[in-house]
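Next up: a single chain in structure tokens, the form predicted on its own.
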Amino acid sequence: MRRREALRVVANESVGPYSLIRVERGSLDPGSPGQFFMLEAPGRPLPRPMSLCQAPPGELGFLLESIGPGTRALAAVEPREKIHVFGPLGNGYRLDVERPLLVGGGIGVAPFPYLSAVLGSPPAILGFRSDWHAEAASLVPNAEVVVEPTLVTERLRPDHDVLACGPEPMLEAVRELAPNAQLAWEAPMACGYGACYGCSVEIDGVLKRLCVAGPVLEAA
């Protein structure tokens, strides 16, 4: 059940260029891997959607990249500050897969530590633009890392059940090679539960509210 709470920041750690924000769990349910939460930094009127990265006992962890005012404000929070967290929201990955393979690009690695823990550390292929960004691969066990110009699609294994997250061009390429893949898409979100229609995206000619229909969708 989704809830909104002000949660105390436990730690703010750098992982390459990314920030890993750990907060007390409070009474929030971590939900399923691939679901997301809306995080509201102190003094910011609009929250930002973040996949749950880690769910150790008593905590929730979120990996984020500072790319705008909202994410920069979240990346600047300090221990003992409180941020508002709302969730879990959306639909996560189906976990009834026989041979899972996690495929991620850049900050798309964010949901994989939690997903990997639930699935028992399956193999992963993670792509990054630089060695500095690739430091985030340390959060995902059993991962093969590729750095541009090498692409994750060059290492795909067709006999596995692909669970992917990353930039849209990567997801489209994975979709072509693995038509049964599960793909976690990204879109700007203002509410997280379908009221504002801000995250409507066109997929195969149909508009979908990603926060309600996704963010994880079947490639087919």
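Bear in mind that the values here come from a model prediction, so they are computed numbers and not experimental data. In this text, residue numbers run from 1 along the sequence as written.
Unshown form predicted in complex with a small molecule; subsequent notes refer to it.
Proximity to the small molecule in the model of the complex, defined as a heavy atom within 4.5 Å, holds among G68, P179, P169, P42 only for G68.
When you look in the model of the complex, the only residue of L151, L64, A173, A55 with a non-hydrogen atom within 4.5 Å of the small molecule is L64. Judged by heavy atoms within 4.5 Å of the small molecule in the model of the complex, the contact stretch among the candidates 143-151, 105-113, 119-127, 80-88 is 105-113. Using a 4.5 angstroms limit between non-hydrogen atoms, P49 touches the small molecule in the model of the complex. The small molecule is not drawn, but in the model of the complex it has no heavy atom within 4.5 Å of D161. Using a 4.5 Å cutoff between non-hydrogen atoms, E59 does not count as a contact of the small molecule in the model of the complex.
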